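Okay, so here's just one chain, in structure tokens, the form predicted alone.
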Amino acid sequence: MKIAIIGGGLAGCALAYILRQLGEEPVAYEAGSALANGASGNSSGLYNPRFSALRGPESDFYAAAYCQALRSFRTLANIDWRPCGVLHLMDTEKKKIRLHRTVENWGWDSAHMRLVGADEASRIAGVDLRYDALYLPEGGSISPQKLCAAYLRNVEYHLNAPLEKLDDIEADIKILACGQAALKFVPRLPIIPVRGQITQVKATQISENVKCNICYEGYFMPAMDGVHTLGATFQPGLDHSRILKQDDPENIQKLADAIPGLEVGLEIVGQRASVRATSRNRFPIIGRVPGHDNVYVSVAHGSYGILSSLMGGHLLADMILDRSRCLPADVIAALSPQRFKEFAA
């Protein structure tokens, strides 16, 4: 069976990796001159599940994706995997209520998720924190760029291979895993662009003490080679990746608001902007495109693509190869393109 994957970012590369493990020989096509050319191109990316107060299809998907990613990362080399932990600060009353309910309703063992007071959070982080937090000991960061390369080590792929229409490529199965560019082939997909800019800063004597990732209205990552990554701006509707001067001060101000003093002396040494794709309800769109027997999509992964792209790849592989599904029916329905009125029968 000839399987063509359009897109050389996390969604396409993860699916290709899974299909190759299952004995298939997929071929990936990337329009740009390098893998991870767009939203997957950051040198370091934070991974953790998207939290919700209640259990449901969304929580079950991200919980499964998180566990699947941890298993997979252990088997891949040269991906800059740093499972140093993630603290989610309860810096608003709304967030405090939601994260308390997350821990209560998700039911994870305390070895994987627990609430910590400000003093314990400070010891974990290596710097003084004012807020209680939800702590994920196995959370961390990874290089999306290197992860894409690792996924495709034994897979055929082509760069500088833009497609104008799906008929330009011969394959039994065609998968759109190209973010917002999928609209070229399926215009009815309810995809929304979201621009984000990260900021890189040189570590100071204080900031170099940070030992884990810290999330607030933004996030701050431990230094790698003397440089921290923090961010990111969130700008729905913007679909360009030009650097905006005002975004770096915004990222640093969010840090100052959450952890006063940590921003002092930080010198900006770099930044990167990219456009992610999300859906109207900020949940990925994964499944067969209605009206097209051989066309599937894995798009709209938003800010959680490191996890959701891998889990989505497993689900699509099950669909394509007609295997038992790796996710329950309600989760599959919640991910399907058919959940939108554009594809309603």
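Numbers for residues come from their place in the sequence shown, where the first is 1. Being a predicted model, the structure only gives us computed values, none of them experimental.
What comes next is about the form predicted together with a small molecule, which does not appear here.
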| task | With the small molecule left out here, work out from 26 to 34, 52 to 60, 311 to 319, 286 to 294 which stretch has heavy atoms within 4.5 Å of it in the model of the complex. | result | 26 to 34
| query | Ok, S303, S43, S279, Q68: which has a heavy atom sitting within 4.5 Å of the small molecule in the model of the complex? | reply | S303
| task | State the residue from V210, I252, C84, L163 whose non-hydrogen atoms include one within 4.5 Å of the small molecule in the model of the complex. | result | L163
| task | Look up in the model of the complex whether H112 has a non-hydrogen atom within 4.5 angstroms of the small molecule, and give yes or no. | result | no
| Wondering, does L335 line up within 4.5 Å of the small molecule in the model of the complex on heavy atoms? | no
| Using heavy atoms and a 4.5 Å limit, would one call I3 a contact residue for the small molecule in the model of the complex? | no
| query | Quick one: does T102 come within 4.5 Å of the small molecule in the model of the complex, counting heavy atoms only? | reply | no
